[in-house]
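Quick heads-up: the structure tokens below are two forms of one chain, split into structure 1 and structure 2.
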Structure 1
């Protein structure tokens, strides 16, 4: 069993923080983007038709492009436009673009599970738009949205390892660095595995807690 030096521990800790930053930043951007895309897809206003089509095309296209390709596209486009942004910002933006498409599909599907009769009843009661979403559509859709959405975010934590391809030192890249320094690879990547588990397991617990709360309500 190896003993990690202070440098090794500091590198792993910084890489773990960077992985959390990528996951949280990309997740927040993805949720915001998914809400906007879902609102566009559900809009029935005639003037919104071009934006609705654009949202559908975006979701269907991005979901079929590998994350590494999106990462490279954003990275090189940022360079061509002369944007002075770090590799971490590029990675977070790329994660947000991908997450928005997948979470939009989950959110859109969850809203579609709400019985039409429920929505029609809310219209008959002359409830304003915010009230329909707050008291009728939202609570019923959440039971179909929360489990797959959190499950997707947990899986996406692992995909942040691809950010190392543009120079971001996250957990997997930190493991490669320590292994290249001569530390036994098996022990190093077992530690990396444990750190990934420490990041993702709380999300899994949160998913179960939210499922129970939704079931109760």
Structure 2
């Protein structure tokens, strides 16, 4: 029933790899950005106040702008500054910018679930900053951070589909290309949806599993 040639299959495969690349790259950037933003938000040094406010404003604002608009802004900003970067890099950067804001909310919220008393107990033991995070705050915040973070990852894997709008040939764009080549649309889009599902569903299951595990404890 499907009239895919091996060129079509190769295109789909490459596009799928690109989608995974976008997700992974954006995810890694996002985690790094979220850690920096959260550190800024939690810092209690007096001189840091302007940066703290900036971090909160960034997190609150960027989550209220559609991904596609952010993508255009980063794309044309890069162009205007004369940066010679590929569309893929622009897309990864944009995903990273947005993921940092969302993951910061999750991370910040998770850290806030650790009771003040636990932090004080670590303080009076004279544990230095790194040890308070490594032994006390980190492990206890983990359960409130990891499942929603994976849940969010699943959400933004699907957002990578929008990278097609600045010319990245990822999975959804491959579907459009194949459909325009005259292949049967219904089958092409079924295939594309199935491939997304194959990437996303295992992660959804993982997130649910972790959530249940934590609920048991």
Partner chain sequence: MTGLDFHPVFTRLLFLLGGVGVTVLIAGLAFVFGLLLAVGLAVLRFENQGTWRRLSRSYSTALTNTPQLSQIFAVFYCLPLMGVMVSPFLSVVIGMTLNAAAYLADILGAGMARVPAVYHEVALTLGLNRRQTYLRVILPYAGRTMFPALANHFQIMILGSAMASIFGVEDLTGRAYDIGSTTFRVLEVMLVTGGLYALLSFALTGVFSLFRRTMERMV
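Bear in mind that the values here come from a model prediction, so they are computed numbers and not experimental data. C-alpha atoms forming the largest set that superposes within 1.5 Å between two forms make up the rigid core. Positions refer to the first chain, counted from 1.
J.: May I ask which of the two structures is the form predicted on its own?
T.: Of the two forms shown, it is structure 1 that corresponds to the form predicted on its own, while structure 2 does not.
J.: Under a superposition restricted to the rigid core, does residue 13 display a Cα displacement of 2 angstroms or more between structures 1 and 2?
T.: Shift of 2 Å or more: no.
J.: Given a superposition on the rigid core, I'd like a yes or no on whether residue 24 shifts its C-alpha by 2 Å or more between structures 1 and 2.
T.: No, the C-alpha position differs by under 2 Å between structures 1 and 2.
J.: If the core is used for the superposition, what shift in Å does the C-alpha of residue 208 show between structures 1 and 2?
T.: Its C-alpha moves by 4.9 Å once the cores are overlaid.
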